[in-house]
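Here's a solo chain for you in structure tokens, the form predicted alone.
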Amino acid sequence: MHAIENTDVLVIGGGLAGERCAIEAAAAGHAVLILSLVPPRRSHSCAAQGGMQAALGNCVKADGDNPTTHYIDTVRGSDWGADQRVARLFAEQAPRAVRELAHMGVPWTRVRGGRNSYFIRGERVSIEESVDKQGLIMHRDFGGTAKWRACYAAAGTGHAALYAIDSEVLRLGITVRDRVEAMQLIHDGKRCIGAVVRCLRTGRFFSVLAKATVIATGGHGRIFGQYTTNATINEGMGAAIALNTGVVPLGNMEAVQFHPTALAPSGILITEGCRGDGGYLLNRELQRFMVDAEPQKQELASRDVVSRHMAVQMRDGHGVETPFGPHLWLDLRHLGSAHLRTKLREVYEICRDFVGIDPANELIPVRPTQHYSMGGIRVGADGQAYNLRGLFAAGEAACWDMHGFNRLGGNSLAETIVAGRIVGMRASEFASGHRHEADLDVGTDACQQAEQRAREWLQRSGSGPSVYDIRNAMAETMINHVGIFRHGDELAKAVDELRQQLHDCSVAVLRSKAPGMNPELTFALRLENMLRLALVTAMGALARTESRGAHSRTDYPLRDDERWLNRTLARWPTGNSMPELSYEPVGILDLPPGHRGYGDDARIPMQQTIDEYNGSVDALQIAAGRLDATNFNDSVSRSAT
């Protein structure tokens, strides 16, 4: 007999977004269960370093900042790929999120009144901070923003935020089950009623039935193998189990961000806060190439822009050659040891522990590496998934979609708290208005299906390929053909290779046949899902014949607002061998498409008027599967006052 559990709200994922959802639902009086691959304080949210964007306007360089300016920066940063209603809602709610975290105990770095020294555009500058602002939350500069806006706790912002949120989860007595993994959603094609779960300690399966289910499992960077800053748990299973329903689409999976400064060769993140505090990028000749490439923003251009310039430097022979490939340099020496050991302490320790250097005296080897997935489970403004009532998603697992085709640094950390609260509120409302609609046989049948897949892996014999060899081949395909620069021929090759790897997965054989705690089996159960996510990404990139944000096609270098001011939706109908792509408008346009501010303004303009475009948005998105969220934005805004 399979174990079946019941709860009001099931949250899959124990990072910042998932735990903030759980807090909101528990505060409303619901029974909440959090499922997590690891103990929540080891979630990948802990790795966020540099800051959280919120327009507080507390320091001189943030003077005059406001949510409207934050909204405009976010839309420009997205290269007009964002849902502008969501971007505005986010910008309005971000200040509340930062203050809420302060109330929970996050030790934000604070304004020091009086004369302070900063590095701005390569020069040391002395600024007199207002004594009246003494002790308010301080900001640092981040890429693509008009004002200093990133609130930070030294270089351990994610760590501080996660521990504060998790302490609140403990205070509220929310049930957390770690070392477990959601394997599939339980649904009838119209309503999600829970999930099948596998215990990673024992290998046993059980079902959790819930009135509302939230997926907050983070990104899927590990489809790029070792070429990512993501933790090993970021394999995308939340997005995959939604895709596997056959009805829930993934949005904009081709939108993949490469972070400019990952430590070479390990790929460990070196925060954008280093450049925000005045760090320089240097090539092999020790030249600051970003000064000529982007004179206005220099090292603090948007991440996609900086990554492309770095890739060009290495392609043209200006990288430092090593057995692990070329890299460039990040120079923090001028910031001084005291600054590095306080405001950038985590960076100092990473450099010391992983490459044995002191960044106060030595250059840091860096290169662009896959970092963030703008794509994910397509949800509406309230976080409810398209086509499947009772299923919600938040954080990097979701395509909410405030990031469009490029995310501004610091916006994702703020999104986890803002979206966590909003989605938790909506899931709570849904749970209040619905009953459990499944009998015990539904959960039992779903468990039996999941167990059968595991048995098939264990029973397979012969000399088939290794699951780890297939994983490595997938990583090489993605980095070589679906990277910073893309071309139709390379993307077509990626699609072909990934289809072959999917076939190889169907005949792969495990070396370990243990039915219980078996890491090889655990990974094998994920591998097909990872390949599906990779294939959807490559197909979306091949189909999008333009360049927008992080999606840079060398054979289609212009942004095409006439044909491609839309969002890719990828579904994988049950029984199909390949996914299906469709499109919807990006959303209501309040800020008309314009120049991002980098390079020239060459683009293909839209021919429709803004009114004509906006007039069809809601109908087309509803036809694509968006579920009703009537007046939700208004209710969220009112609840913040």
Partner chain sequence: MSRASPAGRRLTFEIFRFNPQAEQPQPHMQRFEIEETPYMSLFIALNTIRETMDPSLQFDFACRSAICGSCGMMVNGKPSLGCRTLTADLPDLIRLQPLPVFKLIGDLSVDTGVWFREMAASSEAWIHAKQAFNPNAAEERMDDELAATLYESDRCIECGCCVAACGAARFAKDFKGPAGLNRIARFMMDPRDERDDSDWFDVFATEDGVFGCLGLMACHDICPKELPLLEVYAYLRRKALTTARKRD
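If you're wondering where the values come from, they're calculated on a predicted model, not measured in any experiment. Positions refer to the first chain, counted from 1.
Only in words, not in the display: the form predicted together with the partner chain, which the text now covers.
Among the residues 447, 240, 484, 350, the one placing a heavy atom within 4.5 Å of the partner chain in the predicted bound form is 350.
Only one of 317, 462, 557, 107 lies close to the partner chain in the predicted bound form, with a heavy atom inside 4.5 Å, and it is 107. The partner is not drawn, yet in the predicted bound form one stretch among 353-361, 246-254, 496-504, 383-391 has residues with heavy atoms inside 4.5 Å of the partner chain: 353-361. Proximity of residue 42 to the partner chain in the predicted bound form falls within the 4.5 Å heavy atom cutoff. Under a 4.5 angstroms non-hydrogen atom cutoff, the partner chain in the predicted bound form lacks residue 429 among its neighbouring residues.
Mapping the unseen interface onto this chain, residue 180 falls outside it, with no heavy atom inside 4.5 Å of the partner chain in the predicted bound form. Contact annotation: residue 154 falls within 4.5 Å of the partner chain in the predicted bound form, judged by heavy atom distances. Using a 4.5 Å cut-off on any heavy atom, the residues of 46-84 that reach the partner chain in the predicted bound form are, in sequence order, 46, 47, 56, 58.
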